[in-house]
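There is one chain below, alone, in structure tokens, taken in the form predicted on its own.
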């Protein structure tokens, strides 16, 4: 698979098979992502990959928090508002996805079950947690974004699936405790990793993209 094919075919996978990924494959993916660019070669990423009993225990604790309606509080603060055009895209995404799943607008129980999938880590056998030193500036988040995309494309090349999701880092104190992550690191984002269950209806929906003429300015 070449890079353009990987970019075209990569999409957020929301249901996974339980089959674990071989450690050597995970290492190859991370090694490839390690070529991502960064400001003055600072390479700010610290990478923790949870799987097995560690992830199972974390999954259980996340679901308990979800059932108790504990508000998410990631290390990187959630936005309090969005510009109108971005908010509209989010609304349209939700409407189209729930329509594809056959979930009615007023079916709150089904919508809650769909949200709960985030806190179950989508059933993925592994979650990659990307961290960086708390003293770094927001510019280093750009570098982590480059690393994250590189990792997801490398995973695609290996026949794996991914989804980056903020709710995977909803409760950083639990992640820090289970994975022994030091306090000096911010837990920035989680990426579920594994072999997607392509038969599951949740994986049939692919988010739409803007026409490039809406945002591309060739001058």
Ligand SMILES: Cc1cc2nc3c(=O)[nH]c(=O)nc-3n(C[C@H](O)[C@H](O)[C@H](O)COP(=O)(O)O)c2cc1C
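Because the structure is predicted, anything quoted here is derived from the model rather than measured. Numbering follows the first chain given and starts at 1.
A second form of this protein, the form predicted together with this ligand, is not displayed here; the remarks below concern that form.
Picking from 50-58, 33-41, 66-74, 165-173 the stretch near this ligand in the predicted complex, with a 4.5 Å limit on heavy atoms, gives 165-173. Residue contact check for residue 191: none of its heavy atoms lie within 4.5 Å of this ligand in the predicted complex.
In the predicted complex, this ligand lies within 4.5 Å of some heavy atom of residue 207.
At least one heavy atom of residue 118 is located within 4.5 Å of this ligand in the predicted complex. This ligand in the predicted complex is approached by residue 93, whose closest heavy atom lies within 4.5 angstroms of it.
Contacts of stretch 1-36 with this ligand in the predicted complex, defined by any heavy atom lying within 4.5 Å, are made by 10, 11, 12, 14, listed in sequence order.
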